[in-house]
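Only one chain is shown below, in structure tokens, and it's the form predicted on its own.
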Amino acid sequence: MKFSVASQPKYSDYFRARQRMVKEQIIGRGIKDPRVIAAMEQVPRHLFVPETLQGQAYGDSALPIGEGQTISQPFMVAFMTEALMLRGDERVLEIGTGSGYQTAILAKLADRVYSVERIRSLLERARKNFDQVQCRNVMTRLFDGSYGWKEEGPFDAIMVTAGAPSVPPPLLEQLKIGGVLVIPVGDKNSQRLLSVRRKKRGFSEEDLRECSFVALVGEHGWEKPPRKDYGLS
């Protein structure tokens, strides 16, 4: 086990809702990887949404987390995670920390997760969330995620949780041979979720499904934000 949830009675209030979510939304829609299913059962999604929305945390939808960003639909979290085919010894790069829920799922399944977020307030809250669930194998950085995290690469797997107009070249460069990159690519309203695998020579690409994510903002995304907004923390 990569981390555990602090023992507090209030967490049990959401246990049945989480079990129902996994049964109906995750297993019921075809997720088969037992490790992914177990992670979805264990990570308390309600702790990663605003307090006023905790009653909706296990519903079949994305939810706002502030700053125009969202926590993804539970099924999409499980689907993208399963697409990475993690075994447990990988170093994973995540682009778009958000509230930290997807990060925490990945942290259950990989050796170490490196997560990049461009919005300081979200990253600060995510770090508090990681502390709350005792998630110790995550490193975070405030930066333009479209650049990846070159200093810590290459990575066994990369997940992008925002829609891009095309696959950012730096992310391809930071993927190990044999590694998998999962990323939504398309316009700002809808995308196709792609799985890109690096080979000894070049890359192979698989179209997984239709999806809709918030826009990837950055040098290799839709917009170029002011660099003064970023730090190296």
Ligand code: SAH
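None of the values given here were measured: they were computed from a predicted structure. When you see a residue number, it is the position in the sequence shown, counting from 1.
Keep in mind that the form predicted in complex with the ligand is missing from the display, and what follows is about it.
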Is there any non-hydrogen atom of I31 lying within 4.5 Å of the ligand in the predicted bound form?
no
The ligand contact in the predicted bound form: E82, any heavy atom under 4.5 Å
no
Answer yes if any heavy atom of S146 is within 4.5 Å of a heavy atom of the ligand in the predicted bound form; otherwise answer no.
yes
When the contact criterion is heavy atoms within 4.5 Å, does A110 count as touching the ligand in the predicted bound form?
no
Using a 4.5 Å heavy atom cut-off, which of 130 to 138, 83 to 91, 149 to 157, 116 to 124 contacts the ligand in the predicted bound form?
116 to 124
Work out which of L193, A57, A39, I65 lies within 4.5 Å of the ligand in the predicted bound form, going by heavy atoms.
I65
So which bits of 156 to 181 sit within 4.5 Å of the ligand in the predicted bound form, heavy atoms only?
T161, A162
